[in-house]
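So this first bit is one chain, no partners, the form predicted alone, shown in structure tokens.
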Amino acid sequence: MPPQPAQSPVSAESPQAPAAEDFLRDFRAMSEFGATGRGGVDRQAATEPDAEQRRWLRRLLEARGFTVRFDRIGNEWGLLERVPGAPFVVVGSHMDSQPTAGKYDGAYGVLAAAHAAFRLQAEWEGGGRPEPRFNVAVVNWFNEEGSRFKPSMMGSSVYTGKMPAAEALAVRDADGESVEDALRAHGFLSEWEGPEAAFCAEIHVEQGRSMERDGVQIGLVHSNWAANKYEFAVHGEQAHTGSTEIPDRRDALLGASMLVVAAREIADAFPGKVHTSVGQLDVYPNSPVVVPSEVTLLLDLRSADEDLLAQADAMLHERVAQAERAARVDVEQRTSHAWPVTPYQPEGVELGEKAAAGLGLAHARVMTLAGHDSTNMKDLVPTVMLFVPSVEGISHNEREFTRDEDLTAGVDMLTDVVGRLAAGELEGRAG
């Protein structure tokens, strides 16, 4: 579907301008937590900078009368209960980051959710909008990025029942600290399972350049790409880098390097249709005069076409066998994590289109190549996923940037979507 043109964008003199400035002021304040020297942030899950911004968010929500609670995996919930006993529209994203990351990824979606809820609260209290049928829960999901604790999307996986809480709490970081210990140290853990969800909404920066290229201000996510993620351990034998003859070596790093090259060559075999990467290598003993005996690497394959993904996966495993023979190593597949192409509920996409048209925002249907917490939530309740543009598609990088006018338009859009969900526009329409 081609992008729908904007009708009447909000001007600086419009009644919404003060609310937009309130949001931008809070965004600037939030971006100070874990700030890096190059304009990004470093606040990995349950580190001190992450804890500081969680406490800041708690104060922000409680100042507006929200009840803030943490659940059994450390998800942070701001509850606005206007209909006693009714389920909640869950709206939010994540505030944890990669080690050196942009300040928009995830965090924008949490703050946008909070401000959307603030605006709706004011409208309900002022009589400008009929009282809702459902309550609103602003959520800051725990460990979406998976940079300190694996896997990614941990908080929403536990909440939706896709990962047992005990298994998640037992995960340890590179220094041996468990998720449970890290969360308890900051007081972010309880036995509570979280609120009952009726619907979900999430807004996020696109992390790609298609929307900027096509002049789209609001992306309506209708489906996700499929992904296969692997952790491989390449086992060789430790040896002297100088004296050990080349034919006698069992170089684990050589074998791992062959898999890195294989990943890129597989992507090149399906131009634009398959994305691959190796994002992490751990080399042992990592000494300048020792042939490595073990290397672990994280490798993933992604595609919107599950048949192509299966072909790419078969090619990968062929290359694994080739690397074992060529480098005289053994490759162990330790873990795998995968998700298929699954659509978001079409009635939610249609609701988003109606909201964007009413606000006069240029919009189009898009896919998400990255994983998001909403990809878990859509398997539990009807979910609306929205994007705003990323300048040049830069992501997981301190130079990540989205224009203020797109950020604030996204808050306007999210407010309308959550208001519609809370009013029950999708009630009874889920298939």
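From a predicted model like this one, the values you see are computed outputs, not experimental measurements. Just count from 1 along the sequence shown to find any residue number.
Here the subject shifts to the form predicted together with another copy of the chain, a form of this protein not shown in this document.
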With the partner left out of view, is N228 within 4.5 angstroms of another copy of the chain in the predicted complex by any non-hydrogen atom? no
Contact between H317 and another copy of the chain in the predicted complex at 4.5 Å, heavy atoms?
no
request  = Give a yes or no for Q333: in the predicted complex, does one of its heavy atoms lie within 4.5 Å of a heavy atom belonging to another copy of the chain?
outcome  = no
Is there a heavy atom of K354 lying 4.5 Å or less from a heavy atom of another copy of the chain in the predicted complex? no
Problem set entry | Site check K150, T241 and S277: each within 4.5 Å of another copy of the chain in the predicted complex by heavy atom | yes
Students should find that, of Q322, Q121, S257, S223, the residue having a non-hydrogen atom no more than 4.5 angstroms from another copy of the chain in the predicted complex is S257
In the predicted complex, the residue from E237, D214, D313, E350 with a non-hydrogen atom within 4.5 Å of another copy of the chain is E237
Counting only non-hydrogen atoms, the one stretch of 73 to 81, 190 to 198, 131 to 139, 295 to 303 within 4.5 angstroms of another copy of the chain in the predicted complex is 295 to 303
In sequence order, the residues of 283 to 320 that place a heavy atom within 4.5 Å of another copy of the chain in the predicted complex are V283, Y284, P285, N286, S287, P288, V289, V290, P292, L298, D300, R302
